[in-house]
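One chain comes next, on its own, written as structure tokens: the form predicted on its own.
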Amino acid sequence: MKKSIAASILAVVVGVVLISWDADTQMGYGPGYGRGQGMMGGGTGWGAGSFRSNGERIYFTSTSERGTVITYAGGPASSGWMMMGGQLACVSCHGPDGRGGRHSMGMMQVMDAKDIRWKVLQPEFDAEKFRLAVVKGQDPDGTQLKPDMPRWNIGKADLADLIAFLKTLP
């Protein structure tokens, strides 16, 4: 009887792990990304202590070690994506590696997200031009970015931490 119960518990645990792995793999992220979150990003699957830096935490969860939620206006949320339960974070559009690319947000919206690894943004962006893109939606040449790009309410220290994280992406 004890062996039967243990075998049943083991089967359930293995099933949950495989379902979570499959959800991530189907979204193209590979095993382990987002702990079963797929495109929703948002970071609700990560614990506060699972990040190597505040910048990484901001990138994946849009929250800061300083205890603040980094809010935004516009972006995919304005076209109904939030109704699906999404919490936007950088990872939601730019992916876990910062490379961006074409993907869909919800049922009908397709978007192209820029590669935001710091080595790719250089020399077009410096810290101030990046701030203007993130906060004001302004490209380095002064034109407005597409409305798909949220306008983030992020402080200077958190923005510096985010840039430091982007500099670590290969």
Ligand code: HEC
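One rule holds for the numbers: they count along the sequence shown, beginning at 1. Note that the structure is predicted; figures quoted are calculated from it, not measured.
There is also a form predicted together with ligand HEC; it is not shown, and the following applies to it.
The closest heavy atom approach of Asp126 to ligand HEC in the predicted complex falls outside 4.5 Å.
Proximity of Phe130 to ligand HEC in the predicted complex: non-hydrogen atoms within 4.5 Å are present. Proximity of Gly98 to ligand HEC in the predicted complex: non-hydrogen atoms within 4.5 Å are absent; the residue sits far from the partner. The closest heavy atom approach of Asp148 to ligand HEC in the predicted complex falls within 4.5 Å. No residue of the trio Gly55, Ala160 and Leu169 has any heavy atom within 4.5 Å of ligand HEC in the predicted complex. For the partner-free chain shown, Met111, Asp112, Ala113, Lys114, Ile116, Leu121, Phe125, Phe130 of 111 to 130 come within 4.5 angstroms of ligand HEC in the predicted complex, judged by any non-hydrogen atom.
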